[in-house]
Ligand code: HEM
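Quick setup: one chain, the form predicted on its own, written in structure tokens, and binding and motion questions come after.
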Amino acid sequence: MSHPGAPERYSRPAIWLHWSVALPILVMIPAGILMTDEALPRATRDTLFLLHKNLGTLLIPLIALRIWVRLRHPAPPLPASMPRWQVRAAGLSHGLLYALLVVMPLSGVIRVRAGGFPIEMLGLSGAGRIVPRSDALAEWASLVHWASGLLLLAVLALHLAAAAHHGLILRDGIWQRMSPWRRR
């Protein structure tokens, strides 16, 4: 149970979906960076490519479900004591995170499929080609994936810093709203 006046918690499905998407993303970021490192053995890079593209593909339905749940169950209100700029920053950063959660995997899938490469998880699901083979489309999607990846890193760093600030310094209950552990 939280202390009196603490912000209301997110719904259990929202909390579950948050962490079910967040944890794999925290695996995919270093995998995505390392898979292009020419200094690594080719077998290691291939394994990282397989992990990155298939995990990203598996996240698409979870991300869609997460957005659907968020639309049906809006976030609990922020405390009235929060400065207005922080409320705006939270809204903007969450909006960007949701947009990037859509753009990143879709641009990745388009890049891989337009480049003529398989995505094993899509093959297992029976999904067809999805996009035509096109070097120009693959190059465009690669640029979108790279640029949105940089933006995701920046927004995610801000999100994590804000969560740490609220959870470790202010201890104002904001962290507990999305914590998978209930406080007693």
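Numbering starts at 1 and runs along the sequence shown. Only a predicted model underlies this, so the values are computations on that prediction, with no experimental measurement involved.
Keep in mind that the form predicted together with the ligand is missing from the display, and what follows is about it.
- For the candidate set 158, 151, 29, 62, a heavy atom within 4.5 Å of the ligand in the model of the complex is found for exactly one residue, namely 29.
- Using a 4.5 angstroms threshold between heavy atoms, residue 134 stays clear of the ligand in the model of the complex.
- Although the partner is absent here, residue 104 sits close enough that one of its heavy atoms falls within 4.5 Å of the ligand in the model of the complex.
- Using a 4.5 angstroms limit between non-hydrogen atoms, residue 68 is distant from the ligand in the model of the complex.
- Among residues of the shown chain, residue 25 is one whose heavy atoms approach the ligand to within 4.5 Å in the model of the complex.
- Along 24-56, these residues reach a heavy atom to within 4.5 Å of the ligand in the model of the complex: 25, 28, 29, 32, 33, 35, 36, 49, 52, 53, 56.
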